[in-house]
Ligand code: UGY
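As a starting point, one isolated chain is supplied in structure tokens, in the form predicted on its own.
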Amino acid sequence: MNNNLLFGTTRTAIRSRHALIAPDGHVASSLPGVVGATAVVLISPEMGAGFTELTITFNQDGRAEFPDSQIEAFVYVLAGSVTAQAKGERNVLSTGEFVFVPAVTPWSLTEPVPGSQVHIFLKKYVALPGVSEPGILFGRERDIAGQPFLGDESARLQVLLPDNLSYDLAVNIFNYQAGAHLPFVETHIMEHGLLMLEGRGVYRLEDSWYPVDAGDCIWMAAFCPQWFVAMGKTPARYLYYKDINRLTA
């Protein structure tokens, strides 16, 4: 029993336009194509989101196979290593490495080191007339320099995917020194899915304030007011998704 958590309580909070999903309430899901692994779906359209966010933890000889569909995927390795394959391209991904797989592309994760864990964003691709669709992209977080956010050296942003109209999503890592914070309460059209990677802080979502820690997941609907401050004595960082470059009417 976790003595730090009172019996019958949880930090998880589900609201109509935002959610905090704490690890204390995780429940595994049985997903087609995922074998020898534990999948936890954190965010999905069932809660009102326009995307799905999940974590998969692999056992010995575990695998995850995803069919040809209109769904695009971004996979980030949280721990260990796994072999990613899509359309004949094959790479071993280790901690901090990632792959983007475009829609209508079967892909798989196999040959994991036992205990390896990946974090995945899934979204239905929205094509833009006259603009080519993106291709498969492998990358490494350590190869991407963090840029000061709006000139603030203590809050630096790593942009993991190319910033062009072919992509209808962005995935970034936000790095904060202890005490750093967003410069204002943001309110915007982009929806977010977020995973705290390290550190702790306080996240404002609409009119609620939530203490957050590594392993916490957050959903923010479009136009949900949001703000973050890193608290404690160590830096904080989070991986986050947002939809970009498209308008619906």
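Everything numeric in this text was worked out from a predicted model, so none of it was measured. We number the residues from 1 along the sequence you see.
In what follows, reference is made to the form predicted together with the ligand, a form of this protein that is not presented.
Heavy atoms within 4.5 Å of the ligand in the predicted complex are found in one stretch of 48-56, 24-32, 63-71, 180-188, which is 180-188. If you check the ligand in the predicted complex, you find a heavy atom from every one of Phe149, Tyr203 and Lys242 within 4.5 Å.
The contact residue chosen from Tyr167, Phe100, Phe121, Tyr176 relative to the ligand in the predicted complex is Tyr176, the criterion being a non-hydrogen atom within 4.5 angstroms. Comment: the ligand is not present in this chain, but in the predicted complex one of Met220, Leu195, Val212, Ile43 has a heavy atom within 4.5 Å of it, namely Met220. The ligand in the predicted complex comes within 4.5 Å of no heavy atom belonging to Thr12.
In the predicted complex, Gln226, Tyr238, Tyr240 are the residues of 223-240 with at least one heavy atom within 4.5 Å of the ligand, listed from first to last.
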